[in-house]
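Let us start with two forms of the same protein chain, each given on its own as C-alpha cells and named structure 1 and structure 2.
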Structure 1
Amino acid sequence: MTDNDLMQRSPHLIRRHRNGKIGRAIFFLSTTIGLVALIVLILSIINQSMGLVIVRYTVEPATLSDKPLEDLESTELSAILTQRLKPSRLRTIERDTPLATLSRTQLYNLVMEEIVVPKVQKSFHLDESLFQRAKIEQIASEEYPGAHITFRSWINWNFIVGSLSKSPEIAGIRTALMGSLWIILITIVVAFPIGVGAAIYLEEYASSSSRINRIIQTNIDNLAGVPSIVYGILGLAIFVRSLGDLTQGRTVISAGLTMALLILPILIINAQEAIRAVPNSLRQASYGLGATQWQTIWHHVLPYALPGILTGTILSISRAFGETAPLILVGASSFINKDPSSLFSRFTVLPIQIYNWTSRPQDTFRNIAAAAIIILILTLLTLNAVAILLRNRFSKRV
C-alpha cells in the first residue's frame, strides 16, 4: 500500500501533514523577518558611522608641516606642540603628562585638539554622501564658505586608541573599551567557577528531596528573571558601601563583582542543564571501575558537560557586556579620560558612553555613537568566537 493510498484513507493524516507545512512556513517566515530586521539595524548603524563631512579648521594642517600630520614622527609632533602652544598651556600639559611619555597617536591627537581644532559644521550619512554629492557641495559653498568637504569614516584606528574628549571630532573609545574588558574579565573569573561549582553541587551532591535544596533551586530560578537594576542596587549596598574599605568604593572591582552576581543565576541554570544531559550510564560505568564520585565528576561528567557549560557562559557574557543600569549605580562615569590601570581604578564602559553620546544634540556625537556600537558588536563577537572555539575544542575531545 502506497503513501497516497494511506493519505486517502486517513483524513487525520492529511490534516497533520497540512498543519506541519503551515507550521514550517510560519517558522521560516519568523526567521526571515528576524534576519531582515537584524540586517536593517546593522545597515542603519553603518550608514551613520561614515559619510561626507563639512569641516573647518582653526589652523590649517598644511601650514604646520610639509608632510601630512598622519605621517609625522613623535619628535616632529612634539616640536609642533612646543612651537605652537602658549607657554602656560604647554606647562599645564607637561605637568599632567610629559610629552616625552606620550605615544605618537597621543601626540597626534593632542596636535589636533590643541592646535588644528577641527570643527565639523555638518555631517551626512553614507547614503546621502553616495547619491547627493552635488547637493552637499552646494550646501557647503552657500552656508559654509571656506570649509572643506571630506569623506570620513568615524571608525578608524585613532577612534579606537584615542581617549574620550568633549569634542566629537577627536574623541576616542579606548578608556571605555578598556573599562568594559576589565569588568568582563573580573566577571568571568568570579562567576564561572562559582556558577559551575554550584551547579555540580545541586546536580551531583544535593538531594532533590531536601526542602532546603528545593528552596535554593527555586530562588536561583527566580533570580534569573530579576531586573538588572536590582543587582545594581545590591552591588551598591554590598560592594560600594558595606565593603567599601576593601573595594575602595566605586571602582572596577565593585562593578565586576556586581556583574558577576547578575550573570550567576543564568550561568548556574545553564550549567545544571548541561550536567543533567550527561548520560547516567557514564556515571555508572565509572563507579563500576572503582572511581569515586569526585573522580567521576572531574574526569567524566565535566568534560562531557563542558561544551554546554561554555554555551551558557557565552550567553551570560553577552548579557553582561551590554548592561548599563547596574554599572551606573556602582559608579560608572559618563566622562573619564584616564584608563583603568588596576582593580581599584575609576571606570566607564562602552554602553554608557554610547548612551551619553546619543543624548547630545550635535549630529556628530550620533556619528561616533554609531561607530562605538559597531566596535561594541565586534568586541562581543570576538569574545563569543573565542568561547565557541574553546567549546568546539572540548566537544572534539569528548
Structure 2
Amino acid sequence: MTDNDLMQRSPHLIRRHRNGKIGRAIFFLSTTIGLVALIVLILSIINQSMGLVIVRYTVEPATLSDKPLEDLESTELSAILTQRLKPSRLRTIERDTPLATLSRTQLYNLVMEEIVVPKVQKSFHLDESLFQRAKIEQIASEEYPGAHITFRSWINWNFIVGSLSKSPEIAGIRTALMGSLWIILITIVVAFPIGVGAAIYLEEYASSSSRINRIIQTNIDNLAGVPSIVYGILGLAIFVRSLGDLTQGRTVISAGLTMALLILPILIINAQEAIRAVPNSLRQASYGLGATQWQTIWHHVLPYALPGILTGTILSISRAFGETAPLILVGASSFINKDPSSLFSRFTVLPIQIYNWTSRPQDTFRNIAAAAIIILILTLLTLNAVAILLRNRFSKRV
C-alpha cells in the first residue's frame, strides 16, 4: 500500500460512487412526486373554488334602488321586501322570523334569495379567469347576452353560515357543519372512555396468556383494518334498522355510534401505543414501593401516556371528520335544511355534501364542492396541528 492508494480511486470505486448518485436522484424524484401531487391537489381545488362567473339576475338590482344594494339600510331592505315579495311568501317568512327581528345581513340575503335571485349561468376556474379573460368575455357576450361577469369566491362567509339550498349560488354549509359537530361530539363521548378503558385493560390488566385477552387484541387489530364502508353496513343493520326504535333510524345518534365503532379500534391502538411507551421501569418502580395496580396506573401510567392518548384521539377524530362512506349507508340526507337539534335529528355532514355536490354534473356545484373541501381541509389541518403540538410537547418531556 502506498500513500497514493488513499487518494486514488479505482475504477470500481468510481463506478460505485456514480451509482450512488443515480440512486439518490431516483429517491429524490419519488419524494418530489409526492409533494407535487399534494400541491397540484390543493391548487386544483383552490382553482375551482373561485373565479369569474357569468351571472344573470331575475330582477336587476339596479331596478330596486338607486344605491347599490350593499349600501342600503335595514329599513330600506325591509321596504324592498314588503314591496316586491308575493304576499303569501311574505307571510310565510314573517311567520318564521318577523322581518323586524332580522339583521341587515339577513335582510340583504333575503333580498338576494327572494327577489334578485342571481343565477350563475357559467363559472370559470381561477386560472381561466386570470389568463383567459378575453375569451370569457367573448363567451359571455355570445352565449349569455345581458349577463354580468363578476368575480366570485365560492368560499365566503355566507357559504359558511348559510343553510343548504338547492341552488349553488346561495347554498351554505352550516347544517352540514352542525351535523359534523353533533356526530363528532357523540363519537368522542362514546369512543374516548371506552377506547382508553380498553387500552388500559389490554396493556395493564390483560395477561397475554389468557385466551380471551388474546382474542380481544387480535380482534381490535383486525377491526382497525376493516374498510369503513363495512362499518357503514354494520351501522345500517344495527343502529338504523335493528335498533331503529331507539335511534329513530337515520339520525345523528345512529351516525355517531357508527362513527364511534369505526374509530374505536384506531383510538384503542393509539392509546395502547401511548401506554406501551410508558417505560416499564416506571411501573416497576411504583410496584416496588408497594403501590397497588390502580395507584400505579392512575398516578404514573396515565399521566405519562396522556399526551400520547390525546394525540391519538385527535387523529382519530380527524379521521371521523373526513369519513364519508359509512355515513352514506347510515343515511346522511343529502338535502335537509334544518340544523340538527337533538340526538334524533336527521343530519348531513360536510363530506357527504362534498360527495353530493361533486356527483352533480353542473360546474357550479363543483365550485361549492371545492369551497367545502377547503373548509374541510382547513378544519382537519387545525386538528392535526393541535395533535402535532401535543406530540412535540410529549416527545420533549421524555
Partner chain sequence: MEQEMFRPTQQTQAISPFDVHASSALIANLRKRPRWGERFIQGFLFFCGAVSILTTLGIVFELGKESLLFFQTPEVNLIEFLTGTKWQPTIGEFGVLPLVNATLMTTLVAMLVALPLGLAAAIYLSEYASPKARGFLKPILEILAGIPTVVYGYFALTFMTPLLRTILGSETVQIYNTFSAGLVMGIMILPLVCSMSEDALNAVPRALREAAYGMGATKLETALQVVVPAALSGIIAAFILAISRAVGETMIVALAAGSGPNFTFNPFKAAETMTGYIARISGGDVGYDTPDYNSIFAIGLLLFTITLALNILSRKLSARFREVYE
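Because the structure is a prediction, the values reported are computed rather than measured. The term rigid core refers to the maximal set of C-alpha atoms that superpose within 1.5 Å between the two forms. Counting starts at 1 with the first residue of structure 1 and goes up one by one along its sequence.
Shown as structure 2 is the form predicted in complex with the partner chain, with the alternative form given as structure 1.
Annotation: Cα of K166 displaced by less than 2 Å between structures 1 and 2, core superposition. If you fit the rigid core between structures 1 and 2, you'll see the Cα of S345 move by less than 2 angstroms. Put the two forms on the same core and the Cα of T58 is off by less than 2 Å between structures 1 and 2. Core-based alignment between structures 1 and 2 gives a C-alpha movement of 3.4 Å at L289. At P98, the distance the Cα travels between structures 1 and 2 is 4.8 Å after the core is superposed.
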